[in-house]
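Shown here is one chain on its own, the form predicted on its own, set out as structure tokens.
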């Protein structure tokens, strides 16, 4: 049974802007990754799911509730983290959490203390004095503290340091084990790779692909930077039958799709000074997946 159900959803802001004939179903208990570059339509989709926008056509529902006409009822039980959180800056963090609990008709939130500890957040200060990372932690606590069965998270690790990003990944995996249904929008493939079983790839408002994470991993084009102490060592390495993505002073970038076996064998035959993974943009991963045609 689909918990999140989107059918033919269209909202046009002009050619290539918005979302177009979007159809997507997410079953109970799935953590679903929603990927796409900035401006691809991820946030527009999420705003429809929260009932904030009227679609030009199509429909969407969560847990059987129509996202537009039953939005108020939906908000009581849903966990939601917006991409850009609008806080009451003069409130203290603890006051903000109590305010949200009151809005949901709750006297207490069973998981608030656990989440504050997980993200190492002291909510006693005024929100206007909090850093971007602290505000993001506060938003995460607010989204999870009432233990919702369904969560919609828009760029959830924006502003978090690597330690807190890992804490977030561990939280999602724990929620997944408990059977929660989560839609998570991101431009970080690594974040999605660690937590999701399926991903939808959005490009220019269209759902370009719906794939298992394992398939996307297998087709992913990784780039490794190999450095050398001597020019002659580098030149000898360049004679190997590899996909050379860049040639620099005492450094070669090698692109690898699928198995690493040929690459690691080549490395074993040459003296190298260092090996690093080159960070890839999400667009680069799309190009690898689509064979050069990310559309």
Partner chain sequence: MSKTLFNKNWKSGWKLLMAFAAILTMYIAIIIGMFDPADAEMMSRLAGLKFSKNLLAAFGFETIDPSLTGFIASYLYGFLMPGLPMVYTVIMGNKLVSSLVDRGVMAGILMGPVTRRRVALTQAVYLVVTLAVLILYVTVLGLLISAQRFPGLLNVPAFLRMNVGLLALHLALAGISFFFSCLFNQTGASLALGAGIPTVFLLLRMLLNSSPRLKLLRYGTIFSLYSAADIALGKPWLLPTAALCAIALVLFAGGVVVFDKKDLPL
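Predicted model, so just to flag it, every value in this text is computed and none were measured. Residue numbers count along the first chain shown, from 1.
The same protein also has a form predicted in complex with the partner chain, omitted here; what follows describes it.
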item	value
Contact of residue 95 with the partner chain in the predicted bound form (heavy atom, 4.5 Å)	yes
Partner contact for residue 53 in the predicted bound form: the partner chain, 4.5 angstroms, heavy atom	yes
Residue 142, heavy atom within 4.5 angstroms of the partner chain in the predicted bound form	yes
Close approach of residue 163 to the partner chain in the predicted bound form, 4.5 Å, heavy atom	no
Contact segment among 170-178, 109-117, 200-208, 75-83, judged by heavy atoms lying within 4.5 Å of the partner chain in the predicted bound form	75-83
All of 88, 91 and 99 with a heavy atom within 4.5 Å of the partner chain in the predicted bound form	yes
Those residues of 101-130 which, in the predicted bound form, come within 4.5 Å of the partner chain by heavy atom	102, 103, 104
